[in-house]
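Starting off, we have a lone chain in the form predicted alone, written out as structure tokens.
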């Protein structure tokens, strides 16, 4: 019986596993007309105006709404000040029609460590699947105060995305730990159970192989590993450069804020030039506002997506390592069959069971890789179109500001 997440043929899986020369837009996408999963065509021609860029792209959250039976949102962050610690909780709201849930709607409050507990449990109980990454607990570059509105909102968006990734997964969304996370009023009672709910699959993957070294990965999984290495390298470079650009923009913004008022002060000393000088001062002020908005958009919308996919790649590498461990165990058992012929009647069943685990791992990993590639194309398409739109808006605002002072600088006809 084929695995429920496996595709119907190896040919269908091929394009998703082969590393593409273009990390963000694989050849299979670039060579044909683009369309969203709901069938809506995507026009890749140049837009007539910047405002049409994002209007042409439907958000992920709006796709396949009619077929969904589980909706989860993270909102309403609240600060809690206790004697021993200060922390933030978020409201997690669930609406569902699934029979596994006793009620159609739930609302619970969770803190970051609860999300971390969920992810660890998913990794333990679903070792063959790619678990979405969480935002780092403390490292958010450029943000000092982890209780600031900017930090909390950035984290809220990331946690919301984390749960939506799980909700959209055909296996993870049915995990018992996910159900508990969404519904339990007191999550601490379940946290204390420790390893009691750890699946045998996760336990076996964790402790197999010992010092056995894998002979070689199959070519398709070796291709996945090479792709992830290249993807991480390129995306890490983009992330570092983007952070430097934003830092330089903020430094430039400080200079502009000091630069503009000088013209206004000068205008107070020059009667004949006061009007154009005041115009230049106002123009620089408008440019400051536009640059500040651009920097905020880059910090809040662009950088978090880059960081999420860097962490995503690391998560996929970990799943690939677990797959290698299972394959190594299988190879070790095959060698044992040859070395211990007297035990041959008992070994084949064990070897066959191990082989089934390898095949299960392979099917899950292929399916999750294909799903990840599809999500990546949608996310980066939306991200890059949004970045283009924000930059166009920034330059349009600056252009408008500078054009507005040209009449003030032109020679006026002398009145007789």
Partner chain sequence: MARPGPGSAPARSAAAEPPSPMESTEPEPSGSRPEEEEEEEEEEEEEEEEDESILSPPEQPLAAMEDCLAKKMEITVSEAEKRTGRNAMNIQETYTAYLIETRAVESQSEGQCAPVESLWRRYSEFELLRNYLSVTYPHIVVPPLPEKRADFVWHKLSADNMDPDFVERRRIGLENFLLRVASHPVLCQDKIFYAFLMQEGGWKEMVNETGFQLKADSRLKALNATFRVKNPDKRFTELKHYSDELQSVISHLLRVRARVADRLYGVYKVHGNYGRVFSEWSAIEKEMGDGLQSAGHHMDVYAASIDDILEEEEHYADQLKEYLFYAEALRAVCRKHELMQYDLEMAAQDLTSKKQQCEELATGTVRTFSLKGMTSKLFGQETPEQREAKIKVLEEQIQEGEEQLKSKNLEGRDFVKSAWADIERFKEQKNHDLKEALISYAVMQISMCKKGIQVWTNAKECFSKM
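Positions refer to the first chain, counted from 1. For clarity, every value in this text was computed on a predicted model and none was experimentally measured.
What comes next is about the form predicted together with the partner chain, which is not displayed.
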query = Is residue 280 close enough to touch the partner chain in the predicted complex, meaning at least one heavy atom pair within 4.5 Å?
reply = yes
Distance check, residue 272 to the partner chain in the predicted complex, heavy atom within 4.5 Å = yes
query = For residue 244, is any heavy atom within 4.5 Å of the partner chain in the predicted complex, or not?
reply = yes
query = Do residue 389 and the partner chain come within 4.5 Å of each other in the predicted complex, heavy atoms counted?
reply = yes
task = Taking 4.5 Å between heavy atoms as the contact cutoff, choose which of 191, 321, 98, 234 touches the partner chain in the predicted complex.
result = 234
inquiry  = Only one of 176, 255, 105, 314 gets a heavy atom within 4.5 Å of the partner chain in the predicted complex. Which one?
reply    = 255
message = Contact check in the predicted complex: 219, 221 and 352 versus the partner chain, with a cutoff of 4.5 Å between any heavy atoms. Do all three pass?
response = no
remark   = Only one of 73-81, 124-132, 272-280, 328-336 sits within 4.5 Å of the partner chain in the predicted complex by heavy atom distance, namely 272-280
ask   = For the stretch 152-166, which residues lie within 4.5 Å of the partner chain in the predicted complex by non-hydrogen atom distance?
value = none
